[in-house]
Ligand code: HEM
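Presented below, as structure tokens, is a lone chain in the form predicted on its own.
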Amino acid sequence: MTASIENSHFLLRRLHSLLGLVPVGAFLVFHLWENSQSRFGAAHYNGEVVAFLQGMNYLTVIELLVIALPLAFHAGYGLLILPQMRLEPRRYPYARNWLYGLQRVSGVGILLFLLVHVGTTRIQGLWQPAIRADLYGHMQALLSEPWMLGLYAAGLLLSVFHLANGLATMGIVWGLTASVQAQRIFGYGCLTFGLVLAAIGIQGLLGFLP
């Protein structure tokens, strides 16, 4: 019985890890890339980027099955195992231990940010067609508030950190980087990936500013 429960937790943790990379992580990369096109102005962003996405066939099905449900599982299981976190910085003053703790804390912060982000864009747009018609203008109005800009910047950086650090951790847990040297090299690769992704995301935010 105990072995069966342990196997279930093992499979759930692997699924949690995998979904965090694909499709959730992949969608984050795509989302930041599409938002980076805000630098081309409202006409391009609304007429090309948003129009293409809104015109996709089976858009609602894709949003539910490819984005919402995997994200809900990843976030829900992450909250479920959060109490199991044992961060002891005095006993284990290692960078990996701190990153382990920051990974869990960032997940909670991202979840709170998503409630605001999705609520003020996708959900609010369901009953306000003007938002769907001019998403660029809506985002520009939102980010014109300094506190909202700060919230979006924080949510962006937390999301990028969570993905990059999660990718590095996944390499260790899945046995892809067995040696210390391999972990170090892959870790630097994940750091570079995170910095590039963060730069793309910040560029997208700045593109919405007046």
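Keep in mind that what you see is a predicted model, and the values were worked out from it rather than measured. Residue indices: 1-based, along the sequence shown.
This next part talks about the form predicted together with the named molecule, which is not shown.
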Using a 4.5 Å cut on heavy atoms, which of 65, 182, 173, 148 is close to the named molecule in the model of the complex? 173
Going by a heavy atom distance of 4.5 Å, is residue 133 a contact of the named molecule in the model of the complex? no
Under a 4.5 Å heavy atom criterion, is residue 116 part of the interface with the named molecule in the model of the complex? no
Touches the named molecule in the model of the complex: residue 177 (any heavy atom, 4.5 Å): no
Should residue 49 be classed as touching the named molecule in the model of the complex when contacts are defined as heavy atoms within 4.5 Å? no
Where, within 101 to 118, is there a heavy atom within 4.5 Å of the named molecule in the model of the complex? Residue list please. 103, 104, 107, 108, 110, 111, 113, 114, 117, 118
